[in-house]
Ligand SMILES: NC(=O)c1ccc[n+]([C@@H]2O[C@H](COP(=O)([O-])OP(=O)(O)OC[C@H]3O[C@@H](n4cnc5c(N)ncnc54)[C@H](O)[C@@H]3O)[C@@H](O)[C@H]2O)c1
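Okay, here we've got a single chain as C-alpha cells, the form predicted alone, with questions on binding and movement later.
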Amino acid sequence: MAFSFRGLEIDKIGVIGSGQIGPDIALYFTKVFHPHGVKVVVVDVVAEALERGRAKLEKKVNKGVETGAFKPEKAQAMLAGVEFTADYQALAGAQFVIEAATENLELKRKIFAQLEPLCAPGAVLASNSSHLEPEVIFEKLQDRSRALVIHYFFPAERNPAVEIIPGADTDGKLVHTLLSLYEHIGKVPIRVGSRYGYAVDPIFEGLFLASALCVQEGLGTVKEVDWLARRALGLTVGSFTAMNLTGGNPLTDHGLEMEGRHLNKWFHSPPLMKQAMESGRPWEVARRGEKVEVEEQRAEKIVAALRGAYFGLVGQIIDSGITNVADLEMILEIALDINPPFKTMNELGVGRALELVEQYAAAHPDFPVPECLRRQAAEGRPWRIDYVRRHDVGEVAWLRIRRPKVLNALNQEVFDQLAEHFQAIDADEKIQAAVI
C-alpha cells in the first residue's frame, strides 16, 4: 500500500531525530498515514533518545485512548506503523524525510549527505530547522530541487501551523504540492520566503526579548511581566512560561544572537537569559490558578511596551517581503495562540498602533519602525485581511476561505470579500467557472 497525492507516491516516511519534536512529527504522520500502510521510521544515533522518543509517542497515543481521541484498534495500528532505530539503512527507498535534529548546520549537512543517496530518486528532503535558510542547509546536495524547510511548532502533533520555506533551487511545483498536501492532512501551512528565522520565530523570540527587557528595565518582575503578556497580547501563556514548557532557553538564546547579525541590532540575547541558563533553574512564573496583582500604572507601561514590540516585529516581517498580511495574521494566531496582530491593530486604531511602536523604538533606538505601518497610518485605513483567496487554473477561478481558527465560519467580512471576487470573476472574460 502507499499514499498517493498529486504525483507523490509515499509508502515510507523518515524522521531524523528522536528528541524534542521528532517523535511528535512521527506521531502525526502515523495518525494520518497508517490507514494507507505508510511506514514511519524515526532514526537517531543515540539509544537513550530513541527510548525516550518511543516512550513519549506511546504515552501520547495511550492518552488519546483514555480520552476517547483514538479507538484502541486505531492506537495499535498507529504504534505498529512507527519504527525507532539507529540504522539509517531503514530509510532506504523512503520518499519523504524530515530532519528534526538539533540546530547545528554541520550536523544537518552531514545528515542530508547520508540521506541523498539512500532515499528514493526524487524523494522530498526537508529540514525542520527553526532558523537556517534552506540555501545554507542544502548547499552541498546534488539535487536541491526536492529540498526545502518544513517548520513545525510545539506541540507538533497538535499545533496545526506549518511554515514551508523553499530555497532558490526548490521546484515550484513541489512547493505547491506540499502546501496542498499539508492542508489535505489537516495542517495549516503558509509559504514563507527564505530569510533567517522565517516569519514566526523572530516574533516569538522577539517577544521573549521584549519581556526580558521589561524586567531588566525595572518595569516588573518575571512573574508580573509573564502574567501581563496575556492581557497585552491575548497569549495563553507568557514568554517565560513558554520557555519553561518547551525547554526553549538554549535555542532562543542562539536565535536572538543570530537574529542580531542577520536581521537588526535590536535582537540580542539579554543578560537575564544568560543568567537563567547559567543557573539552570526554570523561570519563576505564576503557578496554575495563581493570580498576579500589579499596580495599574506599572501594568499599563508593561502592556504598552509589549504591544509596541509586537506590532513592530510583525511590521518588520511584512517589510521583509517574505509573507503577506493574511498569512502572517493566520499563522501567528494559530502557532503562538496570540491575538491576531492586524485585527488587533485595526481595533485599537492603526494610528495608535504606530504610536506604540514609535514609543517603543524611542526607548530602544535599535528597534526599527516598520515602513508598512507608517504608510498604513498615513493612509488612515485599517489593514485589509484577506480571508478569501483566489487562484486561477486555466478557465476556472478557485476561491478558498481561510479562517481555520474558526473552522472557516462565515461572517460579514467573508461575505463582502466573496462578493468582491464574484464581481471580478464576472468581469473576467478568461474565466468560465468558479469553485468555492
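When you see a residue number, it is the position in the sequence shown, counting from 1. Bear in mind that the values here come from a model prediction, so they are computed numbers and not experimental data.
The protein also exists as the form predicted in complex with this ligand; that form is not presented, and the subsequent description refers to it.
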- [ ] Examine Tyr88 and determine whether its closest non-hydrogen atom to this ligand in the predicted bound form is within 4.5 angstroms.
- [x] yes
Open item on the list: I'd like to know whether Glu103 contacts this ligand in the predicted bound form, with contact meaning heavy atoms within 4.5 angstroms.
Closed with: yes
Task: Residue contact check: Gln417 to this ligand in the predicted bound form, 4.5 Å heavy atom - done: no
- [ ] Spell out, yes or no, whether the shortest heavy atom distance between Ile13 and this ligand in the predicted bound form is within 4.5 Å.
- [x] no
Open item on the list: For this ligand, considered in the predicted bound form: do all three of Val45, Ala49 and Asn128 come within 4.5 Å of it, counting heavy atoms only?
Closed with: yes
TODO: Answer with one of Lys223, Lys187, Lys108, Arg146: the residue that has a non-hydrogen atom within 4.5 Å of this ligand in the predicted bound form.
DONE: Lys108
TODO: Find the only residue in Ile164, Ala326, Leu251, Leu115 having a heavy atom within 4.5 Å of this ligand in the predicted bound form.
DONE: Leu251
Task: Region of this chain that lies against this ligand in the predicted bound form, out of 309 to 317, 147 to 155, 215 to 223, 74 to 82 [heavy atom, 4.5 Å] - done: 147 to 155
